[in-house]
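First, one chain by itself in structure tokens, the form predicted on its own.
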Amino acid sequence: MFYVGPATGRDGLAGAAFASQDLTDESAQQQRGAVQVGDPFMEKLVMEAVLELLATDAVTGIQDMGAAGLTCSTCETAARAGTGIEIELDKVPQRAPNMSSYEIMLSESQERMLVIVKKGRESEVQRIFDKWDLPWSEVGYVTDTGRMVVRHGGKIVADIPASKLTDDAPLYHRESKEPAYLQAVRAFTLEQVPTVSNPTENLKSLLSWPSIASKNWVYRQYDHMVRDGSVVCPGSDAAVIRIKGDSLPLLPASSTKHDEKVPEKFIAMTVDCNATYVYLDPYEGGKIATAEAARNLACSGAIPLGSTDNLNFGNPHNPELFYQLKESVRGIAEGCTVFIAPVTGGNVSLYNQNPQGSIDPTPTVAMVGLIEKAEYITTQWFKDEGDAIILLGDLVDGTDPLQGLGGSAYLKVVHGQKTGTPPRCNLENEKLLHDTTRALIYTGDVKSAHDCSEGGLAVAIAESCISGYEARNTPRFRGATIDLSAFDKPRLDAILFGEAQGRIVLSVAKINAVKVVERAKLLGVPATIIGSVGGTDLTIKAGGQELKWPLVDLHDGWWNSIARAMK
């Protein structure tokens, strides 16, 4: 059993336990050591070394040291194999003096892996780790006892059946109760929302809101293009990386696949969750988190492969908070089933609350997908003057009494209200929309695709106008003229800012617009030509008004608001 990666320290000590504890005024200092200190460059070295190691066929088991560090990685590998494991803590690299057994076993120092190697192949492993200039140590071995034995200082400090910490851990069925506040949420009506008075300023406010605004201040803190094969950088519906055919080490000469070429692959990745939706309707919110992730992949031309989740909730001993957890997980499970995106792993952080109350339930969903050909890679920004803009899906959900404004960003940002039943999510209709979008992309007619989510149609179109960049972060604006005057029944705020699900904005060459619309309709998806690309402004005709925004003004708030807030 090999340990590889930086030495173990006291950073991240009991980080998993910290992630599931109530926060108090005193805990800020007491629990500071629970926060891990990451080193992305070291992480990259570890990953490259592990990929090369896996190609040697010398590895029988491997696991990263994540939550609970050595404790989980040792007992989980043993339990899965039905074996035992013995580890000698004196051999574990340590960067802090006099660390206790407890500290070594529960530290969550980053960039570490536990590797189980075939006996007699140790020298190959050592050679690869040395090549990548990585610290390593042989710290233990596999047994047939079924027990996890930990030695430190010449003494046995732990001796326990490995399965007791994994498969045989207790399973709790907590009490669940629908939160009382949901009665008021369901009683909220559209009549309680004032008629929109200044849509021009409302769009600017939404684009400047941190949940919608560009996250460039965050991702520019680290060079996100170092050795990762970036094809689509942050800023579109999904990031895309290229896995080159020669990026994996050659298989041994004895392998039957030694001479086979590894095909080049394009992987799309996205992360989504609307915590307000989950708060207002945990089940629908869970479905929407999954649907939006899959929709973002579809807009990039990708087919979902799998998911991971990060479940952030309050105290599960509170029946109302456990209801949020249970129902949102049910929604996520249904979504992953429909989109064929199984959850391969995840993280759970409970007890996220302080004396003032709990966080909004936030089951974040990350999803990865495969783009089969380079020419299918699609981004969200408009491309060429004169292109037609097409809306896939209905402008407003006619069955929703709140017309998509329940739980919307508009309701929260403009009117300061977090209430109302969020829009419904029909998973089968979503799946049809995603399949149709990919089919249209595969024809080569689609130039851009962007999903409608937070902020509604006006925000989605504005983002398509201002989110393109060239060279050294030089904005590439493409204006748009949108005509929604034929839709006279919904309210103007619902048309502009309603968040009805199952909608995607496309741009195509004008000559192909009718063909694309008819193809979408034949596949069962509503489609409407709503405007064209061109100019330096965003113009929208709706509700008897003609609204106009200079793109420079929209971009300034969208691009800079987070940076300004952080000063």
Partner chain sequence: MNFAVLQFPGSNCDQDCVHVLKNVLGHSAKLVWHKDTTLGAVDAVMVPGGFSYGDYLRTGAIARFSPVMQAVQQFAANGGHVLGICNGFQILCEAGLLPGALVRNRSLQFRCEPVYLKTVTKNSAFTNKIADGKIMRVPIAHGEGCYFADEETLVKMNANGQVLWQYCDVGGNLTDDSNPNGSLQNIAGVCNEAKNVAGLMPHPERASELILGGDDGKAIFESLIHALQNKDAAKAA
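Numbering follows the first chain given and starts at 1. Remember, predicted model here, so these are calculated numbers, not experimental data. Rigid core: the largest C-alpha set superposing within 1.5 Å between the two forms.
The same protein also has a form predicted in complex with its partner chain, omitted here; what follows describes it.
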- Item | Heavy atom within 4.5 Å of its partner chain in the predicted bound form - the one residue of Ser205, Ser211, Asn315, Ser230 that qualifies | Ser230
- Message: Please identify the residue among Tyr351, Tyr442, Tyr102, Trp132 with any heavy atom within 4.5 Å of its partner chain in the predicted bound form.
- Response: Trp132
- Message: So in the predicted bound form, is its partner chain close enough to Gly524 to count as touching (4.5 Å, heavy atoms)?
- Response: no
- Item | its partner chain contact in the predicted bound form: Phe266, any heavy atom under 4.5 Å | yes
- Query: Does its partner chain come within 4.5 Å of any heavy atom of Lys244 in the predicted bound form?
  - Reply: yes
- Query: Heavy atoms within 4.5 Å of its partner chain in the predicted bound form: does Trp217 have any?
  - Reply: yes
- 302-310, 429-437, 276-284, 462-470: which one contacts its partner chain in the predicted bound form at 4.5 Å, heavy atom to heavy atom? 462-470
- Within 44-75, the residues having any heavy atom within 4.5 Å of its partner chain in the predicted bound form are Lys44, Leu45, Glu48
- Task: Take the rigid core as the frame of reference and indicate whether the C-alpha of Asp133 shifts by 2 Å or more between the shown form and the other one.
- Result: yes
- Query: After the core is overlaid between the shown form and the other one, has the C-alpha of Lys373 moved by 2 angstroms or more?
  - Reply: no
- Core-superposed C-alpha of Lys177 shifting 2 Å or more between the shown form and the other one: no
